[in-house]
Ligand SMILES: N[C@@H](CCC(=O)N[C@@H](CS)C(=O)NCC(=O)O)C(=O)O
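A single chain, nothing else alongside it, follows as structure tokens in the form predicted on its own.
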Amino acid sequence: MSAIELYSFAACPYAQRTHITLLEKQLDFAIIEIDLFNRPDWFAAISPYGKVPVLRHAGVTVHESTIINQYLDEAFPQPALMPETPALRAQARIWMDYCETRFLPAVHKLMSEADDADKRIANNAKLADVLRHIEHEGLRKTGAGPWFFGPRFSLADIQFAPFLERFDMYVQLAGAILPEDCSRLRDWMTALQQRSSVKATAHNIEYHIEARRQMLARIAIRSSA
């Protein structure tokens, strides 16, 4: 058995974050797939919220992708996935938090209300504002690229990566728009697509659309039951 175990679900973007981090650290690990719609009984003893990812290492169990990834960066310092100085590390955490508190809520609202034409317009406008904030207050100020903090790939990049991978799905299903003035964001997305750790964990748009369809269908069955 591997010294590191990642409890995952193939379609989960949060689990993908930790998969990317483990690959970046070049660690040996085992992936245990969990069907989130048919969880085995024993999983409740491992994941207090019944969610993935969960990481088990050296007798320690850690959950929540952001916390897992910071744990891995501290437990395995090389290669470092946070900037060098306390000030820059604080900035990285600010943008990781922005992903959770601003970017993802805007994405989730857009996708959950995609069938409502009026709400779609307003939600796309909100997401565009969020993307412009990432572009002008983040990427253009934190470094020359290709990554969020210049030439060093970091946990800030990993925080956004699975959701930027899915951006074409947001476009196709909900009409999402990447604003014209977001050139650095566009370059960042291209660089992410070419990063070996991201490519190794990525799926195409057809996979993501089908995974979403299955998720919604299973939620509907559960709700009707």
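All values derive from a computational prediction rather than experimental measurement. In case it trips you up, residue 1 is the first one in the sequence shown, and so on.
Below, we turn to the form predicted together with the named molecule, even though it does not appear here.
Taking the partner from the other structure, the named molecule in the predicted bound form has no heavy atom within 4.5 Å of any heavy atom of His19. In the predicted bound form, the named molecule sits within 4.5 Å of a heavy atom of Gly50. Among residues of the shown chain, Leu27 is not one whose heavy atoms approach the named molecule to within 4.5 Å in the predicted bound form. Remark: Cys12 counts among the residues lining the named molecule in the predicted bound form, judged by a heavy atom distance of 4.5 Å or less. Only one of the listed residues (Met189, Met169, Leu36, Ile31) places a non-hydrogen atom within 4.5 angstroms of the named molecule in the predicted bound form, and that residue is Leu36.
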